[in-house]
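Just one chain follows, in the form predicted alone, and it is written as structure tokens.
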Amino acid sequence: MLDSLENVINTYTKEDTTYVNLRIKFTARKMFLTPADTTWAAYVNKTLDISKQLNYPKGIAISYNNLGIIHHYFLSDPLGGLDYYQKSYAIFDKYPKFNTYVIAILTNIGLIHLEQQEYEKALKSFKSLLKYPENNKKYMTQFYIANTYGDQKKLDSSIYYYKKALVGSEQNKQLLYVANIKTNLGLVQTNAGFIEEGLVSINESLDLIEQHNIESLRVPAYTNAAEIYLINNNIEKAEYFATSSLELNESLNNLNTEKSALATLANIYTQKKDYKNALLTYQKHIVLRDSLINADRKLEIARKEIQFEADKDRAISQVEIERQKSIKNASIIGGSGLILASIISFVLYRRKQDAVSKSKEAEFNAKVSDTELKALRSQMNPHFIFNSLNSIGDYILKNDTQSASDYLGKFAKLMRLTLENSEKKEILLSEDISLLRTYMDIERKRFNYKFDYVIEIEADLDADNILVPPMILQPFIENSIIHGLSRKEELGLVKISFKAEKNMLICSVDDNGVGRKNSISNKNNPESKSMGMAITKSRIEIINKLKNTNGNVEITDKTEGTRIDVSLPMQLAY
């Protein structure tokens, strides 16, 4: 069959995927039958090159796996083998449909753990493979588990799994594995004390190897047979198998097998009391063992390098994670800083606004105080006080004590009420009218009754329930008397009225004096005529701001006299 397959390959003229598959099939079937053939590496490398040219993943990955097997088993180069296994696994891992191949590759990687005596890792890998539904050769996995337990000297477990593997391999008619299992089973049974079963197993294995020319197993089988026969004190057969194993291994260069065979042969020479050869053989065993130890160190270094690469990848990933965390933290810190800056800016803005507001409030309060002071000063005009006191003095000089007493009484009342009301923002309209009457009476008497006055209140208004700023009209009344009526030859009249209009209280001072244009005082001192107006306007502005109203002062120059209309918000006492 192999010859016909080889003929098909040799006559195939096209290098396509079919050609690659034929070469892979041929390699799988013949490579283990002729492991000493040194051309296998070249043959598999050519298959690999063709697969790469075709960009054929299956061909590339299987070729890497076969190169791993060659290095691992035929060349005693587990480091090179592991490298090719990893390359193969990296390709197959991308394609789920190749899980069957992945199982084989992971098995080989697990075997390297076993060779490195990392038994727990090996058992973990092998036992996990038993759960794969694609693993249709579980007898192989059971065989490797048995080998692992055997190396750990757990002989009962080893025999258990060898027997399970033997059943599976026989059911699948896998003679290679049947022979291999029986080779190892014989040695474990012998070491466990089952001498006869051990001899049966090893002899059945040797028969299968002879019958089917399974050359790949001949050297390890001979090595195990030598040890089994030595334990059975069959020195002659033991020496035969040991020396034959070493001779056959020269072409295979399997160092582990050679090391075991040398150890067995040294013991055989010792049994034969051939101490010289025993010493020489043992020395060769020691040298080879040390060499293998060095090789193990190389493998350990390689393992550490692989671990290093994995750690490096993890470190790079960790750095990236840390970088992302840093970016995230920076964003959070930046965002928090922005929020904090915004809060601080808002607080500072509010403080500034509060400061401005307080400043404006202080400015406003100062204006209120200043206005109230000016209003009080205007109401207690020094000229008015001086003239009033002079008038009282004249009455006294003229012995008109009654007039002096009346004048003094009204003047004292006016001064007292003015001072008392100066502390009030608002008083009742009836109180303000009473105060105005007192003032008007004093002025009328001071100007020798050159004018009369009337005070009118709209019928609907309740003077005892309306609040007004105290003496708000006094400056206008004073202007009417001094600048309008005092210059008039005829009897003048001042009409003071109060009415409601659109929720406002209209307070009017209407005189029939000479008017502002003809007022000599205004012509000589234009600033003095605006004092009362300015103070009243300032008081009304304060009221407007406090009560959010639209109070105002309007001046009407009539043909004869002047009219002042002061509009105030209608404020009720209750």
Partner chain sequence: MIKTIIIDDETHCSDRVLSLIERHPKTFNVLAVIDNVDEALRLVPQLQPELVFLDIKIHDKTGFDFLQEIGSINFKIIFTTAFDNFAIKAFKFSALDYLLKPIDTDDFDAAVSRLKDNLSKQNMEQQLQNLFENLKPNQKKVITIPSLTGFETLKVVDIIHLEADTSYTHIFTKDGKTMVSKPIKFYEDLLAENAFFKTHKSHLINIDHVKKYYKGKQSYVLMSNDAKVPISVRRKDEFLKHFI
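Residue numbers count along the first chain shown, from 1. Not measured: the values here are computed from a predicted model.
The next section is about a form of this same protein that is not shown, the form predicted in complex with its partner chain.
Taking 4.5 angstroms as the cut-off for heavy atoms, does residue 137 touch its partner chain in the predicted complex?
-> No, residue 137 sits far enough from its partner chain in the predicted complex that none of its heavy atoms falls within 4.5 Å.
Would residue 483 count as touching its partner chain in the predicted complex under a 4.5 Å heavy atom rule?
-> Result no; residue 483 lies far from its partner chain in the predicted complex.
Tell me, yes or no, whether residue 276 is in contact with its partner chain in the predicted complex, where a contact means a heavy atom of each within 4.5 Å.
-> Contact check for residue 276: no, nothing within 4.5 Å of its partner chain in the predicted complex.
Looking at the partner-bound form in the predicted complex, is residue 412 within 4.5 Å of its partner chain by any heavy atom?
-> Yes.
Answer range among 176-184, 402-410, 116-124, 226-234 for contact with its partner chain, defined in the predicted complex as heavy atoms within 4.5 Å = The contacting stretch is 402-410.
Pick from 131, 94, 416, 398: which residue has any heavy atom within 4.5 angstroms of its partner chain in the predicted complex?
-> The option sitting close enough to the partner is 416.
In the predicted complex, which of the listed residues (258, 431, 239, 478) lies with a heavy atom within 4.5 Å of its partner chain?
-> If I apply the 4.5 Å criterion carefully, the residue I get is 431.
Any residue of 452-472 that, in the predicted complex, places a heavy atom within 4.5 Å of its partner chain = Going through 452-472 in order - heavy atoms within 4.5 Å of its partner chain in the predicted complex - the hits are 462, 464, 465.
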